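Below you'll find only one chain, the form predicted alone, shown as structure tokens.
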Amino acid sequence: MRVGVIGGGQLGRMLALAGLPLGMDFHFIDPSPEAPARELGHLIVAPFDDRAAMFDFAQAVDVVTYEFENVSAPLLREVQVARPVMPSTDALETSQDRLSEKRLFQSLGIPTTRYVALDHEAELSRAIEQTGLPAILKTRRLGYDGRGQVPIYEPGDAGAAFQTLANAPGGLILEGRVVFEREISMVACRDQTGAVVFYPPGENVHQGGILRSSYAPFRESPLVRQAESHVGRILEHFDYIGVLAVEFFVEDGILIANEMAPRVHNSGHWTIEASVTSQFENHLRALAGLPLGRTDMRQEALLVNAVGRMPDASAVLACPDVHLHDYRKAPRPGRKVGHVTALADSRESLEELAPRLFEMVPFERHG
């Protein structure tokens, strides 16, 4: 099977690493000739909005998938006439707009924070009345890893926040700030027959909007059942095929949906070593019409992202049961360039190791 991946970043690279043992071949399209997936398949170097290049790419494969959301949904609908695109372009388009996401969640009975869409600074005062303060002003489109959002703590902060984001395409959304106890991610996969598997949720810690670490499994059974129910409804709504990740805030025993990603996800990277079948392999199984693999965990896991530059490999690998992933990306502040996954038989053992890993694994933010 020939798999076409839109994007040649680390997620595309990890998809190929999971699919090559299954006899799959990979094609990638990416604007950068240095894309991390370049060594693992055929790379077309072209902008994502290059229609001719996208159709050349699609003609060479059996199925098209994508590793990030900032792809033209209308263009993919054209591609879909020639080749299957999975997950669906409807799911992709919804995930690209925070307002569409919130409306979807609410239509499916999934709680969200209070929110108001706005386009003009004059609308801010009324929006704040509806969301309350503190709140977060966000771009509706293109924000990720903490980009495209500004907190508002006092009414006097609102004007400056708006001016910071005023030129963003697609408008803005004001969201009431959730005072959450923790954040969890639910990663699931649905195949072409409608069968669904869920991974145990991971508990995430962000710094400056960037995922720093994730512990798995998160074990609070009532909340896990809530998450599976919520995510299952999203999968059914889109007649979804492939991996879907949804991030939730935990507040007073309730899950508040934050955002969804219709693709393999950073918060599920620990599944490579810790699960019977990784999120990457199950995504490919779903695309190929193969039976989904088990998602049981072999051991408990701690994922730590390397941001800005890679750690010293010798120091990291001297730790027991720690696995290192280098994405082969040029170092740059704020850029995820790799990760480590530590395995242990208990959460307590991982928590003992965590300070040592956090000290060794760099976290270099922008500016």
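Keep in mind it's a predicted model, so treat the numbers as computed, not measured. Numbers for residues come from their place in the sequence shown, where the first is 1.
Unshown form predicted together with ligand AMP; subsequent notes refer to it.
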message: Check for me: heavy atom within 4.5 Å of ligand AMP in the model of the complex, for each of Q149, F180 and H206, yes or no.
response: yes
statement: Among 190-198, 124-132, 213-221, 254-262, the stretch whose residues bring a heavy atom within 4.5 Å of ligand AMP in the model of the complex is 254-262
query: Could you tell me if E175 has a non-hydrogen atom within 4.5 Å of ligand AMP in the model of the complex?
result: yes
message: Just checking whether T277 would be counted as a contact of ligand AMP in the model of the complex - the rule being heavy atoms within 4.5 angstroms.
response: no
task: Using a 4.5 Å heavy atom cut-off, state whether E247 contacts ligand AMP in the model of the complex.
output: yes
message: Can you tell me whether I136 touches ligand AMP? I mean in the model of the complex, with a 4.5 angstroms heavy atom cut-off.
response: yes
task: Counting non-hydrogen atoms within 4.5 angstroms of ligand AMP in the model of the complex, say which of Q96, N266, Q80, T113 makes the cut.
output: T113
- prompt: Relative to ligand AMP in the model of the complex, which residues of 342-357 have a heavy atom no more than 4.5 Å away?
  reply: none
